[in-house]
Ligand code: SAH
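Shown next as C-alpha cells: one chain only, the form predicted alone.
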C-alpha cells in the first residue's frame, strides 16, 4: 500500500484550506460535513465560499499564504494553482507534523482525500493513491448503486443494541454470528423498507430470546472452488462464504489476490500440495476439516479451480459425510475452461472438435496410465491437468496411438492471471521447446485442432478484453 487508510476525527478541530476556487470549495464542504472548524486563506473567494463566509460557517483571511497560518491547525489542504505555494504549504506543514493534502500532487501529500460513499455512520472510501481520481470516482459510482442509503439506519440500529448483545453473548464469535444473522436477515429487510420501528421490536425479541448456546452453532465446512487464478472469476456465493469463514485451508493454486478476499480475521492454514511434496497428506487434510468443524468453526476449504475436477473434493466430502459434519459445495471455474478462454482457445468448435476430455497427466512410478486409444480419437480436444512433468511421455504416446505429429498443442502457464503465458507447438515440437524454455507450474495442456484458432481469438495478452 502506498497510503495507510485512516479515518480522522476532526470534529471541532481547526482545519486550514488555502485557495478560493471551485476545488477549494469542494474540500471546504467535505471538512464542514465532518464537523471541522474551517479557515480559508485566499485573496479572493468564489461564490460558494463567499456564501459560506456570509453565513458564518468559515473564517476567511483575504491574503496570500504565510507559514503562520498553520499555527494551531490540525490539518491543512493546499488547493491553489501555484506550484511554488503548494510546495511551501506542504513543506511547512510536514515540518510541524501537520497532515497535509495538496490537490492533484500526491508526491507532496502526507494524506490523500479518497472518493467517499457517505451512509453515515457507514463510510466507504476509495482511493487510487492519487494516480487516477477519475477511476476512483467511477468505482464510487458503481458502489453507490450497490450500497443502499438505508445502510446508515441499519448501522444506527446495530449501535443501539450493541451493549445488550454484548451482555447476552459471552465472546466475540457468538456476537459476530448473531449480528451476521440480523444484518443479513428479515430485520435488515425491515430497515430497507422503512419499517424501523418493527425492526427495533424484532431485534429486541431476538436478543431476549437468544442464549449463548444458540450462537454456538455446529461447525460447517465450505468447499469452495477459487477458479484458475483471476479473482474476477469467483462466484458471488464463494465471496459471501469467504467473508464468513473462521478459518481457511488453502492450497498453492489459490493466488494471493484471491486469498486477500477472505475475511481478514480468519485463521489461514496452508495445505498446499505439489509434485513429490505434500505439506499435509490428503488424509490429514480431511481429518483437519473434521477437527476444526467440531470446534464449532466455519471452515473454508479453498481450492484452485473446481473442487470436483481433479481437486479431490469428493474425498473430502466423503469424510465429512461419514463424520456427520455439515458442508456446502461451491463450484468454481475449472482451469480447462478459464485458461482456454483467456488463451483464446475454444474447447469445442463445430469444425474442429465435437467433444472434450479432461485427464490428469500426473506421473506414477515414472509412467502415465491413460487410455491412449480413446485420447487419440479425431475431432476431439484433450485437456491435460498436471502434465508438465510427463510432457515427453504424453506426446510420444499420443503419436504412437495414431495422433499426427503435427497435431497442435498449447501449454498455458499461470492461466487467467497477469502472468499468463501460452506456448504453442505440435506433439513433435513442444517437448523440445519446453526443454529450452523456463516453464513453471501451474500449467495446463490443450491438445487438438482448436489450438489453431488461438491466433484469431486470443485477447488476454493484448488487453482488449474481447
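Positions refer to the first chain, counted from 1. The model shown is predicted, which means the values in this text are computed figures rather than measured ones.
Keep in mind that the form predicted together with the ligand is not shown, yet the notes after this line are about it.
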Please check if residue 311 has a heavy atom lying within 4.5 Å of any heavy atom of the ligand in the predicted complex.
-> yes
Verify the contact flag for residue 412: yes if a non-hydrogen atom of it lies within 4.5 Å of a non-hydrogen atom of the ligand in the predicted complex, no if not.
-> yes
Can any non-hydrogen atom of residue 334 be found within 4.5 angstroms of the ligand in the predicted complex?
-> yes
Is residue 352 a contact residue for the ligand in the predicted complex, using a 4.5 Å heavy atom cut-off?
-> no
Heavy atom within 4.5 Å of the ligand in the predicted complex: which of 151, 161, 385, 178?
-> 385
From 444, 451, 15, 24: within 4.5 Å of the ligand in the predicted complex by heavy atoms is 444
Exactly one listed stretch (45-53, 414-422, 400-408, 32-40) reaches within 4.5 angstroms of the ligand in the predicted complex by non-hydrogen atoms, and it is 414-422
